[in-house]
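Presented below, as structure tokens, is a lone chain in the form predicted on its own.
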């Protein structure tokens, strides 16, 4: 390996690490607020890229239909669970968010998609379709299990992941796609040729990290999420609606995943199941950081990206094994350092 190859590998590792950082901080956010290890986070990334590709082709993406189905199922579940306790305000919210919004977006996509209105429309419509899916998935699959153990929530998360992967195959097929870059062109940086889209990924990653810091430190909603993360029971006792904080956390997760998918769709070929590996590598970064620190998660994600890149050069057949193996010494060290642990359910 010479210096030029090393620089190219470092460039790829940093770009990949930036995406893993977005996944990792999202996993930390969702776990801190809801105790859900959100395995399907990668599906939002893959589906965003695939949705953009479908809109570029002038077809209606399956995500538009799925959003409507999720809205109907969530509303029906809430009616069954709440029954006569439903208030007029809650019914109006359900009709607006669960039914009218998905139906309106579906009609808009059916009408506008064949017109091929360009990159800005495709990106905006993809965000509009995917962001509401986060709260709907939370209300449908996780909110009824909010008081269950972390293991039960993990099993539910894995089930949601498999369901979304299967639906992705149905909606988008087995062929991979690449989308048109939002930022076209390249520029020289010494021996490297850097894509402007890659710079966009790095800039967005930094902005998301800064935005999350400002959100949690400067806004009442962010402080409510922090309080829920520290003590769910205490937050509930002081009047913080814990269920609402869970929906907000999942909406943020869906938004970050959708933005990530829009950005990387032009940098690599995305398949219906590509989100699984992306999500796992973000999970490795989150585990290294202990599932509680956003800056450490971002740094760990860069480490994962660089390790993956150089492993692909020296031992391409084992690069995934090498990346996933680095969590073993971390888990062993944390297990030895933490001492005896009592489950929170037992303490209650």
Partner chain sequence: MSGPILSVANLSVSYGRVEAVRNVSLEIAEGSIVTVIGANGAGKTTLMNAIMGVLPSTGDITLDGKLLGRSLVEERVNTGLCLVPEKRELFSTMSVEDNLRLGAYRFGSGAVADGFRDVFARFPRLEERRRQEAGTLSGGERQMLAMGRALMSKPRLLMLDEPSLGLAPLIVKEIFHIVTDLSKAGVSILVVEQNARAALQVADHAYVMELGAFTMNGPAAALAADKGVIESYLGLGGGKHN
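Positions refer to the first chain, counted from 1. The structure presented is a predicted model; accordingly, all values stated were derived computationally and were not measured.
Not pictured, yet referred to below: the form predicted together with the partner chain.
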The partner chain: the contacting residue among 99, 128, 221, 152 in the model of the complex [heavy atom, 4.5 Å]: 221
Partner-contacting position among 238, 88, 120, 170 - heavy atom within 4.5 Å of the partner chain in the model of the complex: 238
Contact segment among 103 to 111, 195 to 203, 77 to 85, 274 to 282, judged by heavy atoms lying within 4.5 Å of the partner chain in the model of the complex: 77 to 85
Partner proximity in the model of the complex: residue 188 to the partner chain, non-hydrogen atom cutoff 4.5 Å: no
Residue 233 within 4.5 Å of the partner chain in the model of the complex, heavy atoms: yes
Close approach of residue 227 to the partner chain in the model of the complex, 4.5 Å, heavy atom: yes
